[in-house]
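Take a look at this single chain in structure tokens; it is the form predicted on its own.
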Amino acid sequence: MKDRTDRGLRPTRFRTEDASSNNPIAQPGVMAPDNAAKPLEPEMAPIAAATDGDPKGPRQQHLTPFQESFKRFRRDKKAMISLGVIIFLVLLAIVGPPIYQHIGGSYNSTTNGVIGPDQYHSFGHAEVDRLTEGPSAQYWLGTDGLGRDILARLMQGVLISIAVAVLVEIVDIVLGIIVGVLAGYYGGWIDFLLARFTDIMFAFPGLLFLILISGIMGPWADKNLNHIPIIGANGNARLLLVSLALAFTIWPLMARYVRGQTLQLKQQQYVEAAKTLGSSDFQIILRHIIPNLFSIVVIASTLNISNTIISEAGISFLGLGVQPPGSSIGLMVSEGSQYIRTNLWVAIVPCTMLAIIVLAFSFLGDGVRDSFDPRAKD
């Protein structure tokens, strides 16, 4: 057999692709690989860009329902501004008094001698010779009819309002979830008894019930709870009664909301699957029912806070809530109403603060409802 060169054959020239120009060039004696790079089809370019370096395929970011709701909430300007106002008021009520009581120098009082800002910036201290003064460098918002610092009393009043609202909502949520979940999940005679009990509670007029409890139990609270720190000090002994009475009148509405939501949740497929797998009723309620009540509970609680603050202010305005020398926004409105003709400023300041608090919580509640309601549309 003759050699290839003897038969006039030449080495085959194979084509490869230049990495820099993607144009086929001929290289002698080199065989082109079977998997030579080829240009991507136009419709495959986005997929290739998404899967570059990811062996699992296209990367897609899916938002959870909570993330989608929170995203809607952040786009609500009124709700975000209201949230900022509420945070500012909370910080003002908690951090404001200690800071305010360290601002200013010593003052030579005609009745108390030389005193410092820790005394004349206290909400209970009175200067009888400085009644109904306007804003000044010493008293930033002036003094009331007894010579007390309006700003110090206002910060204490905001703290009282927020504390009562939080305590009331805790009791409201706990009772509402317990009664609503039991009535909605089990049904039957349990639902009948709990539903009739909530109907009886709805029959109580809320404001009249608060007046009745405060009027009957108020003197007892002033005598027996006055020495308890925080709860009874500085005329706040009746706050516990007011908070419990408020919670006692509003929890049936929360229970009704929770019951209706529970009736829908227990029909879901994941609840039926949990029953099939042998999960107990307690496990199903704890793991599947209660976590899915988050939206309805948060919405109802946020909307109830403004009503709670108004109710507490109304009770204090009538003289059945916080007692002097304590401070409450309702008590400040009641005291300032006596000076409407002589010094309108004393009445305007607490009324304005009450309006700001109620509007902030109302707008926040509307924003939470629009964002976290499952039926809401973007």
Partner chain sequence: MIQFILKRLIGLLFVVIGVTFITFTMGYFAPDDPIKQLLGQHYTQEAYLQLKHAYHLDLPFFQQYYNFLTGLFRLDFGLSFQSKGRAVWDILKDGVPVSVELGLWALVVQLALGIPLGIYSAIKARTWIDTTNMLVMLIIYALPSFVLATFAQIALVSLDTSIPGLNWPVSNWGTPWHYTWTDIQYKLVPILIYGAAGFAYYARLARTSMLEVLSQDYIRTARAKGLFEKAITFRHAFRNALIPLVTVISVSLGFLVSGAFFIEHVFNIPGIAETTLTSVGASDYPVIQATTVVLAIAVVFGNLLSDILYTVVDPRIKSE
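Residue numbers count along the first chain shown, from 1. If you're wondering where the values come from, they're calculated on a predicted model, not measured in any experiment.
Keep in mind that the form predicted in complex with its partner chain is missing from the display, and what follows is about it.
Given the stretches 213-221, 85-93, 175-183, 138-146, which is the single one in contact with its partner chain in the model of the complex, using a heavy atom cutoff of 4.5 Å? Correct option: 213-221.
Test of understanding: in the model of the complex, would residue 67 fall inside 4.5 Å of its partner chain by heavy atoms? The answer is no: residue 67 has no heavy atom within 4.5 Å of its partner chain.
Does its partner chain get within 4.5 angstroms of any non-hydrogen atom of residue 228 in the model of the complex? No.
Residue 202: touches its partner chain in the model of the complex, heavy atom cutoff 4.5 angstroms: Yes, contact at 4.5 Å.
With the cut-off set at 4.5 Å between non-hydrogen atoms, does residue 263 touch its partner chain in the model of the complex? Looking in the model of the complex, residue contacts with its partner chain do not include residue 263, since no heavy atom lies within 4.5 Å.
Interface residues of 336-356 toward its partner chain, as seen in the model of the complex [heavy atoms, 4.5 Å]: Heavy-atom contacts to its partner chain in the model of the complex: 337, 340, 341, 344, 347, 348, 351, 352, 354, 355.
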